[in-house]
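Only one chain is included here, represented as structure tokens and corresponding to the form predicted on its own.
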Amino acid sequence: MRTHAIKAVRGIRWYLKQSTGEAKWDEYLERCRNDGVEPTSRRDFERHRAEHNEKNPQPRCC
């Protein structure tokens, strides 16, 4: 029973990270580690991401 609860919590956490964009930050940090590059600040990363999304709009359902 406890393992089901843990799996459920992990699934919810994954979903929230994907839907809020938190996963993009984690992927960026991992890429920087692999490439041996110093990452920018979170603020700069989010600013760049927002500018990119404004210049390259993607169709959405809602």
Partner chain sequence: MPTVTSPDQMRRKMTPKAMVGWGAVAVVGAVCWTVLALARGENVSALWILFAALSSYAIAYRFYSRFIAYKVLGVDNTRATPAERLQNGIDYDVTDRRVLFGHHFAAIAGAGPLVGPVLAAQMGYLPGTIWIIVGVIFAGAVQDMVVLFFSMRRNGKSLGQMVREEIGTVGGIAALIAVFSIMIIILAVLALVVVNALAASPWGVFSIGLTIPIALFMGYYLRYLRPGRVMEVTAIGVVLLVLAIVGGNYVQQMGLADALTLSPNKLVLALVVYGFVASILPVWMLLAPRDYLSTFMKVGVIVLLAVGLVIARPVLESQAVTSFALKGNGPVFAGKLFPFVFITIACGALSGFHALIASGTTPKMISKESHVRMIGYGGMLTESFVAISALIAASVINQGIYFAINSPAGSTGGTPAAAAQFIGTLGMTITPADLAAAAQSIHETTLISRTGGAPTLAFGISLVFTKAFGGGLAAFWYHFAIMFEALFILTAVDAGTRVGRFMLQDTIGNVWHKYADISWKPASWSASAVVVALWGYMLYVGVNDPIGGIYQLFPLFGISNQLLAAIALTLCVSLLFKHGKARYVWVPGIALAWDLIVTMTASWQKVFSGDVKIGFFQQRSVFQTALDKGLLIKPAKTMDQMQQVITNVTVDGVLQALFAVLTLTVIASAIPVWIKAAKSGGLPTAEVPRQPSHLVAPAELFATALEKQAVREYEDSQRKLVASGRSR
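Just so it is clear, the model here is predicted, and its values are computed rather than measured. C-alpha atoms forming the largest set that superposes within 1.5 Å between two forms make up the rigid core. Numbering follows the first chain given and starts at 1.
Note that the form predicted together with its partner chain isn't included here; everything after this is about it.
- In the predicted complex, its partner chain sits within 4.5 Å of a heavy atom of R42.
- At the 4.5 Å threshold, heavy atoms of K55 reach its partner chain in the predicted complex.
- In the predicted complex, its partner chain sits beyond 4.5 Å of every heavy atom of R10.
- The closest heavy atom approach of M1 to its partner chain in the predicted complex falls outside 4.5 Å.
- Taking its partner chain as positioned in the predicted complex, the residues of 3-26 that bring a heavy atom within 4.5 Å of it are, in sequence order, W14, Y15, L16, K17, Q18, S19, T20, E22, K24.
- Shown in the overlay between the shown form and the other one, fitted on the rigid core, is a CA shift at E54 of 2 Å or greater.
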